[in-house]
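This document starts with one chain, in the form predicted alone, laid out as structure tokens.
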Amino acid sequence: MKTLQRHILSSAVAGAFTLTGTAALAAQDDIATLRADIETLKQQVESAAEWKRPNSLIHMAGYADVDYVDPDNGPGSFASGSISPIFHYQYRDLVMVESEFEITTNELGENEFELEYLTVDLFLSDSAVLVMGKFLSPLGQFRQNLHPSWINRAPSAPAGFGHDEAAPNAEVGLQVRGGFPVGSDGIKANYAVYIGNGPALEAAGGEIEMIETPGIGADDDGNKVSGGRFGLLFPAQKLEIGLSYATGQASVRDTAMTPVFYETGRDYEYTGFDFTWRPAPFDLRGEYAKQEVGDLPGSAYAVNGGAWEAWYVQGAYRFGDGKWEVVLRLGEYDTPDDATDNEQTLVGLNYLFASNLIGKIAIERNDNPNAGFQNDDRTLVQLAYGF
């Protein structure tokens, strides 16, 4: 009997040790599997973190608008407006490529495609960026910052600030721009200095008709135009003021002649001033721009130069919850050609469906102060969206 008991006890102890060893081995296998799972999870987390901190970033923005224009001297028409997609491609904190395209439909129903700007931006420091390519003119405020339809509080550009008028539109060259604090009162400075091909002067009938500034991709005379803008921002007062200046030489082009006629040695100068004051719910801004072309004594073509000069002051006021907004703009455009002079008054009413979706209706009075020329008054309706 005792022998049987000892045998049973020995068998139980042996079984216990066997089970213990088996459990230990199983536990070791589980730990190894767990460690492998943890390592896999760690790699996945690191991969996800790398995705959140990529070396390259791609971004798309832009704006679009549709219009209805009803001039007093002609029939009213719907316009398909335009769409302007903007692309950004950035590699780390080193370089960024940015571009804007404008796609429109003209009066003949034909689609038109235009490159508004295309630049490669090299980040030199926190206060300086080197920009090279075709860029919006850094002179003044309207063209480089305010012309997108969903930002402009009016459904049209001020007189003299459209294409090829008193304010330059674009330039092909290079610029350095940035900003930095001034003192300890929160005042900030911003700046842009550039050198580029400059404008082309369009001539016909022995006179210079306009200054073309779409961003000329060639320099006919090899003499560059340089200049820039310097601004001061006073955050406490919600005020910014800026001064702009550029000088150089521009060539004359007569596209009516075959081959195209070129004349060099024409002096060119731009002067400008702008301000913005935004104590909510008011938005008050204004700008002065003047492009001037010098005379060229002894020229066999266009002896006389001239000045293209414009200014505007625009105020906007939002009511109540900020959905409704009234706009008033006064401006004037003066050129060597009496037929293009304009004294402009615009009164408008806006409704903001969202901060980036705005409906506008405005009455625009365009009066030519010279005798014998007809006024070009019109009613404007626009729906603009920024994305």
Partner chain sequence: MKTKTRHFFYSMGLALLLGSGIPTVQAEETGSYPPKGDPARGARAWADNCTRCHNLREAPELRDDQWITTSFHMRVRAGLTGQETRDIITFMQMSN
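Positions refer to the first chain, counted from 1. Note that the coordinates shown come from a computational prediction; the quantities given were computed from them, not determined experimentally.
Here the subject shifts to the form predicted in complex with the partner chain, a form of this protein not shown in this document.
One residue of Thr105, Thr264, Asn73, Asn145 in contact with the partner chain, assessed in the model of the complex (non-hydrogen atom, 4.5 angstroms): Partner contact (heavy atom, 4.5 Å) among the options: Asn145.
Which of these residues, Pro168, Gly198, Gly160, Gly227, gets a heavy atom within 4.5 Å of the partner chain in the model of the complex? Here the answer is residue option Gly227.
Pick the stretch from 304-312, 176-184, 77-85, 288-296 whose residues have a heavy atom within 4.5 Å of the partner chain in the model of the complex. Flagged stretch: 176-184.
Do Arg253 and the partner chain come within 4.5 Å of each other in the model of the complex, heavy atoms counted? So Arg253 does not count as contacting the partner chain.
Using the partner position in the model of the complex, report whether Asn356 sits within 4.5 Å of the partner chain, counting heavy atoms only. Although the partner chain is absent here, Asn356 would touch it in the model of the complex, with heavy atoms inside 4.5 Å.
Wondering, does Arg35 line up within 4.5 Å of the partner chain in the model of the complex on heavy atoms? Because no heavy atom of Arg35 falls inside 4.5 Å of the partner chain in the model of the complex, the answer is no.
May I ask you to check whether Glu202 falls inside a 4.5 Å heavy atom distance of the partner chain in the model of the complex? The answer is no: Glu202 has no heavy atom within 4.5 Å of the partner chain.
Contacts with the partner chain in the model of the complex, stretch 359-387 (heavy atom within 4.5 Å): The stretch touches the partner through Gly386, Phe387.
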